[in-house]
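Consider the single chain below, provided in structure tokens and representing the form predicted on its own.
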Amino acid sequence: MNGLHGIIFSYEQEPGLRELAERRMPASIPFGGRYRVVDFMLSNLHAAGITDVGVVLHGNYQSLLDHIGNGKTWDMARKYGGLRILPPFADTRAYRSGEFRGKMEALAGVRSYLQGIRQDYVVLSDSDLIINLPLADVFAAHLESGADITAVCTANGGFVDNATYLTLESDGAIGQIWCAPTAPRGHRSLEIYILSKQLLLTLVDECSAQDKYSFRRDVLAGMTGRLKLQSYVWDGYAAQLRSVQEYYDRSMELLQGSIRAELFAAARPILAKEDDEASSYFAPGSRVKNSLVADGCTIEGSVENCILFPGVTVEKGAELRDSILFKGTCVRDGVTLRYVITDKYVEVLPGRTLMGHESYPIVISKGSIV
């Protein structure tokens, strides 16, 4: 699909993610035992044959840079085109130390990059979306409809805070747009949009000249009568991570085989940076039930309904249930954990008991000793 270029936005902080986003952007939060959140959108683009992608950054993005590198994992390490990092050095605002107010302001900061895009069409996406989407089908539907902008949306899932909701006509045309309502209205936008490069440049210039910065308010809602807006309804699995509770709930859903089978479909594999860990070791007498365990773990205790990232150690006598442990976490002898999320390289000292709740899991910051 040489006619489509990818733009991923990774500049927004999410206060609801609390300790998980203290030292990283939401896009680089570990997910599912071996992935980072951004892996899903990059893999969607890769599966659609898209090789040219720009990632718009702002804030604490070092972790994200370390992870995606030159894009080799997703076949985007190219001499011409490929993966391009777009940090805020291109931002011309006098107050550029603050994060972008919206997508249109972020795009105005990288306008020279947009001008040089080789493809005729652009797909815009947030980086906090967990989905396995057939973007090739979305692009084909966009071309067939003749729409100015096609928005991917869903009727599945619960209410998401600060989301965009769309009301659809019988032919799939978008009627009303609701920005951050207090209750769901119609279909929820997954913040994936396809439009032509030329239209995108026109909208960026117009919004910049009028000090307008929001894509959903100033373009979607503000130009409803001027632009032909079409929907692409996705009825498969999709999750947006805006809070610790959403992160925990969506992670634990992966313990369901049906969701894993859909999200990690063989036809469109989700690719991740290789960790080069040895196989995990399960000691005699250890107990592991209904859990995802990555490579490089050492399990001597009891693990049930958990997700363990590479290099986790669970010593003999430790009991873990309903918890998520990031890379390098060490759980000592006699520890009891339930409804706990540990960031990378946490050590839980012998004999400790940490009991969160399903509706409010405990989060332990990176490198902590508790």
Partner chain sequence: MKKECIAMLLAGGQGSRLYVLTENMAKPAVPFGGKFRIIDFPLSNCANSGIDTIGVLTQYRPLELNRYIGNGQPWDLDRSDGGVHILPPYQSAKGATWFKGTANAIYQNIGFVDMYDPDYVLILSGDHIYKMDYAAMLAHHKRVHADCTIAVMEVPWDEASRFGIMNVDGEDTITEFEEKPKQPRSNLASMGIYVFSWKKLRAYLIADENDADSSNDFGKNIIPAMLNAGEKMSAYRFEGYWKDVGTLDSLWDANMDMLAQGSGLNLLDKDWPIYARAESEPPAYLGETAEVDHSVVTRGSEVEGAVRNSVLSQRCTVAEGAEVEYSILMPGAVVERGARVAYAILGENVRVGENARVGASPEAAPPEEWGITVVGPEAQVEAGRTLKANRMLNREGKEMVR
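For clarity, every value in this text was computed on a predicted model and none was experimentally measured. Residue numbers count along the first chain shown, from 1.
Here the subject shifts to the form predicted in complex with its partner chain, a form of this protein not shown in this document.
Exercise for review: Determine whether any heavy atom of K72 comes within 4.5 Å of a heavy atom of its partner chain in the predicted complex, and answer yes or no.
Suggested key: K72 belongs to the contact set for its partner chain.
Practice item. Find out whether any non-hydrogen atom of F326 is located within 4.5 angstroms of its partner chain in the predicted complex, and reply yes or no. Key: No, F326 is distant from the partner.
Check your understanding: Taking 4.5 angstroms as the cut-off for heavy atoms, does R260 touch its partner chain in the predicted complex?
Key -> Looking in the predicted complex, residue contacts with its partner chain include R260, since a heavy atom lies within 4.5 Å.
Exercise for review: Considering only heavy atoms, tell me if E144 and its partner chain come within 4.5 Å of each other in the predicted complex.
Suggested key: No, E144 is distant from the partner.
Check your understanding: Pick from I130, A294, C207, V152: which has a non-hydrogen atom within 4.5 Å of its partner chain in the predicted complex?
Key -> Residue within 4.5 Å of the partner: A294.
Review point. Quick one: of S286, T224, S214, Q119, which gets a non-hydrogen atom within 4.5 angstroms of its partner chain in the predicted complex?
Key: Looking at S286, T224, S214, Q119 one by one, just S286 meets the 4.5 Å heavy-atom criterion.
Practice item. Heavy atoms, 4.5 Å, its partner chain in the predicted complex: which of 165 to 173, 76 to 84, 109 to 117, 252 to 260 makes the cut? Say which one. Key: Heavy atoms within 4.5 Å of its partner chain in the predicted complex occur in 252 to 260.
Review point. Do heavy atoms from each of L17, P30 and F159 fall within 4.5 Å of its partner chain in the predicted complex?
Key: Judged in the predicted complex, none of L17, P30 and F159 sits within 4.5 Å of its partner chain.
**Study point:** its partner chain in the predicted complex - contacting residues of 33 to 62, heavy atom within 4.5 Å
**Key:** If the 4.5 Å heavy-atom criterion is applied to its partner chain in the predicted complex, 33 to 62 yields G33, R34, Y35.
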